[in-house]
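The data below hold one chain only, encoded as structure tokens and taken in the form predicted alone.
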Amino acid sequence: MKLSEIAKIIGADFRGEDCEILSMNTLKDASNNELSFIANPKYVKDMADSKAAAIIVDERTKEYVPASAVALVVDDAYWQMATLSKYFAAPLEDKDAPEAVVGEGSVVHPKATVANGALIGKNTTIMAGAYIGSQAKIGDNTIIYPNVTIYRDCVVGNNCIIHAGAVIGSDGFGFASNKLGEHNKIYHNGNAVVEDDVEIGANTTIDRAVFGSTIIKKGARIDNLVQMGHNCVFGEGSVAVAQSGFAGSTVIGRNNVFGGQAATAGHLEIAPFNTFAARSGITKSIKESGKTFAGFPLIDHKRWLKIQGKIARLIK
């Protein structure tokens, strides 16, 4: 879209040279033909080095827009980012794309659906009721069980197992809200990437990224009924037991173990090689490794056991 057209849609004054905008992205990752935004002043530090062609800002942050970018000043930058996300969303299916390519030795059940533009590797099995979206890529020697849904543009690697009912690449739970309590959907225009040798349990959901990718790293093991939020990175060899949940943009190091119903808040960083007992509530980043944690709020597991013992003695 032309930048002048974008400005008109969101009600911003446009001053400067018009140009073609290809997509939207974060301040850090945007290129000189992309649009970005800032909704929280704490990210002002990222603006100086941003290569974005234009940045949606409000009155608080407009002065920090670098000379290389056009400032699109609005009352609510987050709301207008959500508005524009729809315009840059890909079509649900690419009907004009070439037919799907299925590799040698692969078996696609007649009741499975593989959309145009999809690519299936060698010796892979796609069972009944599965749906593989446009431009999705499935590697070699992978098993896709019945009724798995893999949305468009998502990637599943080699030697993976995805159990029945799992959903890879649905939109994350993202929306902007205004003072009237109205909600404006954020279209998630990134994707989800499942690397090699990953097993994903039944009815687990892995949301696609707003921008970029949600990533499940090589060798991870994810149980049934797990929720992985948008833009998460789930570390190599890490394990998530049933009903655990990970809020958006949490980055988990390698070989972490999360017990049943353990959960993280969003935008956290979890150091490698830790264990979190069932129902652990992780609200802050974990910088140590080799620890075992429990409880909510989260504390060292041994300390949690001592506290539970004292509570038990109090009520005798």
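These numbers come from a predicted model, not from an experiment. When you see a residue number, it is the position in the sequence shown, counting from 1.
Missing here is the form predicted in complex with a further copy of the same chain; even so, the following discussion is about that form.
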| item | value |
| --- | --- |
| Contact residue in the model of the complex, from N33, S285, S289, N255 (heavy atom within 4.5 Å of a further copy of the same chain) | N255 |
| Contact residue in the model of the complex, from F211, F88, Y78, Y145 (heavy atom within 4.5 Å of a further copy of the same chain) | Y145 |
| Among 24-32, 256-264, 63-71, 44-52, the region lying within 4.5 Å of a further copy of the same chain in the model of the complex by heavy atom distance | 256-264 |
| G281: touches a further copy of the same chain in the model of the complex, heavy atom cutoff 4.5 angstroms | yes |
| a further copy of the same chain contact in the model of the complex: G245, any heavy atom under 4.5 Å | yes |
| Residue contact check: V241 to a further copy of the same chain in the model of the complex, 4.5 Å heavy atom | yes |
| Contact test in the model of the complex: K310 vs a further copy of the same chain, heavy atoms, 4.5 Å | yes |
| a further copy of the same chain in the model of the complex reached by all of N231, A271 and K302, non-hydrogen atom within 4.5 Å | no |
| Residues within stretch 216-248 having a non-hydrogen atom within 4.5 Å of a further copy of the same chain in the model of the complex | G219, R221, I222, D223, N224, L225, V226, Q227, G237, V239, A240, V241, A242, Q243, S244, G245 |
